[in-house]
Ligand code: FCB
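Let's start with one chain on its own, the form predicted alone, as C-alpha cells.
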Amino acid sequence: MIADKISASSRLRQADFEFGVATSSFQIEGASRVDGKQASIWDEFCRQPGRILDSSHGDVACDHYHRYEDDIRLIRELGFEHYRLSLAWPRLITESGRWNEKGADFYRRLLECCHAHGVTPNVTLYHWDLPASLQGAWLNRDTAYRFADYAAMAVKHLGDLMPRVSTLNEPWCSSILSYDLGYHAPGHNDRAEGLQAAHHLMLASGLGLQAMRAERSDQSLGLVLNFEALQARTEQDQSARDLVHAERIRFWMDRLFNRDPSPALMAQGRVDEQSGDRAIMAEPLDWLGVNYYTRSMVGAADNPRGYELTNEGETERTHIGWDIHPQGLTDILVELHQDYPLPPIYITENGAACDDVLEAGRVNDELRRRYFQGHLAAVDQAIEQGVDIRGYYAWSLMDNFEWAYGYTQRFGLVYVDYTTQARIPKASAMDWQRFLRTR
C-alpha cells in the first residue's frame, strides 16, 4: 500500500490532514469554444505545427465540461474530500473584459456539485490558459492588472463557493518555460523575456491577492510554486547549480518576502521593475502550495542561461523521463522552512507519468504506486523536521492533455479512454481508496 512507510502516529494519518486530487481546466475540460469562451494562448499554440508532440489539442480533452458530475462522484468514491481545480480565465472573461455569465454558470454548477458530494474545492485562478486577446501576454505589464480585475470578478461572483483560492499555478512554467525555453505557449526563446514575464506574473499574483481581499475577507488565499531537486554534476558545476537554484526557487521566494534576487540571475536580463512592485509582490499569503516531481543534474554551459540540465546514472525514471527522487522533496521543504518565515504548506501537485496499459479492464501502475509511497514518506519526514504541512494533492485525478506532450503521457490515478471517455481507476487509485478508509 502507498502508506506502508508511514508510521501509525504520522500526521498524515490524522483526519484533519487534507488529501485531494488535482486537475487543471485546459487539460480536462474540452468545450474549447462553448458558451462564449474565447480562445486561449494554448488554443493558438496547439495549432502551430511541431509544438505538440502528437499534434493534438484541448478541444475535447477529457470532456469534463459535460462529465463533471460523474468525475466529482468518482473523486468521492475514491475517498478524497478535497479537489484542486482551476478556472479558465478565457471562459469567464470576454474579449471586451466583461464577465461571461454562461461560463460562470458552468463553474457555479461544478463548485456546487463538489460541495454537494462532500468535496471541498481548492481553486486556482490561472493555470496557464491566458486569453489570447491580451496583447503582449505576460510581456505586457498591463496583463498583471487585467489579472487583478479577473480575480476580483471571480471572487465577487463565485467566492461563496471557493473557500481556498490560489492566484497562479507554477509561474516558472508561464515565464521561463514559455518565453525563455520555448516549450510552452507562446513558445519564445529569449532569456530576457522570460525574466520579464516572471516579474509580471509575480506582480499579478500580488495585485490579485489585494483585489480579492478588497472584495471579501473570508477566503484563504495562496500561490502555487513548482520546485525540483538540483544536483551539480561535478564540483566545477556548483556555480551553475546555484544559478538554477536562484532561478527556480530563490527568485520566487525572495519576491514573496521582499528580498533581493540573485544578482547573477538578474544580470541575464533587464526587468522593468517600478516603484512599489516589491511591496505588491510581497502581499502576505495565507498558505503556499508546493508542486514537486523530480530531480535534475546541473552542468555549466555556454548559453544565455549558463547551465544545462541532464538525467544521469541508474536512477529509476518515470515514463516522461524524470528522475524519481523523493528525498529531494524533503530537502526542499526543510530548506524553505529554515530560510523563510513560511505560511502553512500544501503539497498541491505530486505524481508520476507511467506507460499505463489497459488489460482486461485493469491498469497495474506499479511504478506510480511506489512513487506515491516514497513521496508520502518524504512529506512525513519533512513534517518530522518541523515543516508545517497541512495537505497533499496527487497529480492527477485522471489522464489528460499533458501540454507539449499532448496525450502521450498518463499521470492519472484514473485511466481515460479518449475514444469513449470511459474512466477506469488504476491500481494506484485503489491504493488511495484503501488508505483513506483507514484514517
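Only a predicted model underlies this, so the values are computations on that prediction, with no experimental measurement involved. Start at 1 and count along the sequence shown; that's the residue number.
Beyond the structure shown, there is the form predicted together with beta-D-fucopyranose (FCB), which is absent from this document and is the topic of what follows.
Screening 401-409, 30-38, 54-62, 373-381 for residues having heavy atoms within 4.5 Å of beta-D-fucopyranose (FCB) in the predicted complex returns a single hit, 401-409. Contact check for Trp42: every heavy atom lies farther than 4.5 Å from beta-D-fucopyranose (FCB) in the predicted complex. beta-D-fucopyranose (FCB) is not shown here, but in the predicted complex it comes within 4.5 Å of a heavy atom of Glu349. Taking the partner from elsewhere, His127 is found to have a heavy atom lying within 4.5 Å of beta-D-fucopyranose (FCB) in the predicted complex. Interface membership of Asp180, defined by any non-hydrogen atom within 4.5 Å of beta-D-fucopyranose (FCB) in the predicted complex, is ruled out. Distance criterion of 4.5 Å from any heavy atom to beta-D-fucopyranose (FCB) in the predicted complex singles out Glu170 from the list Asp71, Glu170, Asp365, Glu247. Think of it this way: in the predicted complex, beta-D-fucopyranose (FCB) has a heavy atom of just one of Trp89, Tyr293, Trp252, Tyr83 within 4.5 Å, and the residue is Tyr293. In the predicted complex, Trp395 is the single residue of 375-395 with at least one heavy atom within 4.5 Å of beta-D-fucopyranose (FCB).
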